[in-house]
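Okay, so we've got the same protein chain twice, two forms, each given alone as structure tokens, structure 1 and structure 2.
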Structure 1
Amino acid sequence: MKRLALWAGPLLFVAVLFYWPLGSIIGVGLSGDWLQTLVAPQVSSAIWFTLWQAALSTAICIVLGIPGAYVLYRKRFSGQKLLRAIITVPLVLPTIVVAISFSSFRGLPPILLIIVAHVFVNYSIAVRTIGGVWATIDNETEEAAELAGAGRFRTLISITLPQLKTAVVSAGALIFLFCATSYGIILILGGGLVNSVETEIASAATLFLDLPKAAALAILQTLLTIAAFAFSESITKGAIGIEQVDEGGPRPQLDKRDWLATAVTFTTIALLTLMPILVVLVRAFVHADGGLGLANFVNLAGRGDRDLLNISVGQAALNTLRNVSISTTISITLGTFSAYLLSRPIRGKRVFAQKFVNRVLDIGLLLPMGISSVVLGFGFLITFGGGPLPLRSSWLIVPLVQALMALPLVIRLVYPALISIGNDHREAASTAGANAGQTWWHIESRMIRTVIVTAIGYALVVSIGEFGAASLLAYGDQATLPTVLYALISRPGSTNYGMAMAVTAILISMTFVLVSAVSFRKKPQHRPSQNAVS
């Protein structure tokens, strides 16, 4: 009963800001002819594109991610941490920035650009999730197989991949959801010629005011998310994180026998990660007349060609900073507390029932990760326009959505870290007379402090770059950097384009600094106890 009382804060936050709007969407969708809506030619085409491009993007990420995980986590070499930081930058970049980066390659087919952009964003999920588990696997079995005459590839297929199955499935499910709920990338790179479920929801809700159609598609997306989580849960049976407290014992040095995996990894990083980023950074300094200089950055003090923007980029940056401060504080506080409650050991006569409740709570808190911010923004529009919570007219609506979007990521980082350190320290502290609060403050929080710092960094950049909900909810003088970026890139004019490149370069630089700060810190070594769950 005491544990349930402690859950009141996180559950109330998620229930009001996620499940209530989601319920409103479902109610609107079921009130119309939702089945007829879903089988309409334009809608069914968008659904099919959403599914196949997400599946293809996921497959490419996994295929490229396995050698990347091997090189960056199973082996060791100079510059390894730098490469880990570099591949993580696209994951936490604002999607609008990613779309603008790839808009530089307009000569390519839109569908190809969309798929490459999705791989660009999600490659690090495969590498970090698979690599984080791979780093903790003992080397002895693989070494024995090689001594018995098995080659590297046969050892990988027969021995290593079965041990990595849960990590591969976990990464695949998350990547599929991120690709299926992508909005900014398809909106800009598709150019109106390619539509997905996301863009159909946005256009139905904002352009045509067809709320039943938008709600029907939101229901479909929710079911897709639940199915993906259910499939992942049925395979993984535990918490797979993307940040490790411990990476196992010493790793062997990269050698010439690893040439194929090394070549694939370095080529992928060079062409898929570095090239799009470098193109944007260079174009930020290119004038309209083709010369080089800081003119694009100087123009940020204005409002673009013909006063396109309602507010200056500086004002939008202040709005973003204010929103990010609030959203990060909320998501870190509630996310860390939720992870703490989920990680508590379960004892007593009703262990099975309590474990089942824990898993339900875990999935219930993670579900917002799989629902796009466009759907959440739409839900807020139809739920909080009046009544007891008229949030739609308040600027607070944007940071609240951002906190809701960052919350599952914080949990997914902190919860596996707490699980991995085991229960021995709690039992020792309890024997010494410490209560749960003292144990957390003096022992546990210090053991995972680097993971908490990582969670803060990721919550910051996720909130900075949130575009889907902000595009529906942030109006007039409450515009944020991503919405200002979209306004600049979607209107013709060399000044607007140059300003968009300048802002994009600034956001890329900020993201790299934040990611580097959490990637280069020294990790304390804590061996997982027997109670740890991989």
Structure 2
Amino acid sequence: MKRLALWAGPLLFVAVLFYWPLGSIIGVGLSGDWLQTLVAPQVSSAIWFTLWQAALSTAICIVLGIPGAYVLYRKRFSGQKLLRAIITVPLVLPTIVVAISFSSFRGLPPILLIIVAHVFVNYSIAVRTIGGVWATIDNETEEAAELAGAGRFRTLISITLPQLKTAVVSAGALIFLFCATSYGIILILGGGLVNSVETEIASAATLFLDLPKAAALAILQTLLTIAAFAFSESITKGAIGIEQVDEGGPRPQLDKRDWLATAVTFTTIALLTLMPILVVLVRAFVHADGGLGLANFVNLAGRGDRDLLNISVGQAALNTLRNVSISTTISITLGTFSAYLLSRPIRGKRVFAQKFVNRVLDIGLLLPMGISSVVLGFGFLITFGGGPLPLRSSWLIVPLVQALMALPLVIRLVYPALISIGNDHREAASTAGANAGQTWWHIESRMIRTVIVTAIGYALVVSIGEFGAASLLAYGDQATLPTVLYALISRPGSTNYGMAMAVTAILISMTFVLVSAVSFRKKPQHRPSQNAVS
């Protein structure tokens, strides 16, 4: 009973901010002729495009990611850590920044550009996930196979790849999920001529005011993402994460026989990752009139050409800072608390019933992860506009929606960590007379400190870059950095384009510094178990 009372906070949060809007969407969606909507030619072509581009982007990521994982995680060479950091930068960049980075190449066919941008973002998921597992496989079987006369390629196919299968599927499902729910990249690089499920939802809601259509598509999108998620879960049992890197064992030096994998990987990093970034960094210093200098950065104090923006870029950055501090505080507090409650050992009678309740709670709290931010923004728009909770007119709506999006990630990171540290310490503390709060504060929270720091990082990344929901909910002087960037890039006259480039360059540089700081920091002696982060 007492535990149920403690659950009230997180459950109320998720019920009000997720299940209520979801209910509104389902209600509106089913009120219209949803079947007719989904089979209309333009909609079915958008659905088909969403699926095949996500599948193709995923396949390319995996094909490039396998040699990448080999070179960057299985082998060893100097400069390896730097390259790992470099490929991670695109993954944590706001998607709007990625889209702006690729907008310099807008002469190319839009669909090609979209797929390249998706591979740019997700390449490191494949490399890190597969690499993390590859690094831990021992060499002996492979060496034995080679001694027995199997060629390198055959060894790879018949010995190594089967061991990497779980990692490949896990990475693939995650990449597919990201590409299928991609919004900002398709919106900007598609130039309004490429339609995916996500852009159709946004345009049905904001261009045609066709709420039943938007809702029907939102339901479809949610089912799609939940399916991808469930598929990944069923294969991997939640055991693999992109933070899983075992630096323990000695790894062989990169040698001449690795030339093919090395060539593929270095070319990929140079052309796919570095080139677009360098182009933006250069263009940030090119003025509207073609000269070089810092004018684009100076202009950031203003509101763009003919005062396009409601607030300056600097003020938008402050809004973003305010929003992410609130959303991260909420998601970390509620997420850690939920994980703590989920991880409590089950005692006494009705173990089965309690386990069942725990599982339901677990899934119920994770479900928001399956919702794209455009869908969530749309749900908020139709739920909190008026009615009993007119949240929409408050600026808090943006940090709340971002907190909701980060919450499942936080739980996903902290819960396994709490499970992995076991119960011994708790029993010892209890014997020594400590209560649950003291045990948490003095012992458990310290044991999982690295995980909480990681969770804060993830929550920040989710909140800083969030564009889909903010584009529907943040008006006027509440604009965030991504929505301001979108306004600038979609009104590229005179100074605006250069300003967008300047902000993009700043964000990329900051991200690079942060990612490098994390990758090069000294690892603590006792890391939580490998399963801790998934």
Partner chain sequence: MQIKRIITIAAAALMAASSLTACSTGDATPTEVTVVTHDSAVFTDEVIAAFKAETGITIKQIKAGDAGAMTNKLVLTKDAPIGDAFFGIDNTFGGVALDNQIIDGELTAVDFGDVCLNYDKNWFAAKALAAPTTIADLIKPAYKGLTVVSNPTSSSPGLAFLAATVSVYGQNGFEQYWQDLKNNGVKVAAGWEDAYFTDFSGSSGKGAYPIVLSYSSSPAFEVREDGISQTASINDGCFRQIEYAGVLKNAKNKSAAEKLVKFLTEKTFQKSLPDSMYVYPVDTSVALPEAWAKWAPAATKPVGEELSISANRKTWLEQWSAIFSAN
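For the two forms, the rigid core is made up of the largest set of C-alpha atoms that agree within 1.5 Å on superposition. Just so you know, these numbers come straight off a predicted model, no measurement behind them. Start at 1 and count along the sequence of structure 1; that gives the residue numbers used here.
- It is structure 1 that shows the chain in the form predicted alone.
- After superposition on the rigid core, the Cα of residue 19 moves by 2 Å or more between structure 1 and structure 2.
- Here residue 296 does not count as shifted, since its C-alpha moves by less than 2 Å between structure 1 and structure 2 after the core is aligned.
- Annotation: Cα of residue 177 displaced by less than 2 Å between structure 1 and structure 2, core superposition.
- When the core is overlaid, the C-alpha of residue 386 ends up 4.0 Å from its other position between structure 1 and structure 2.
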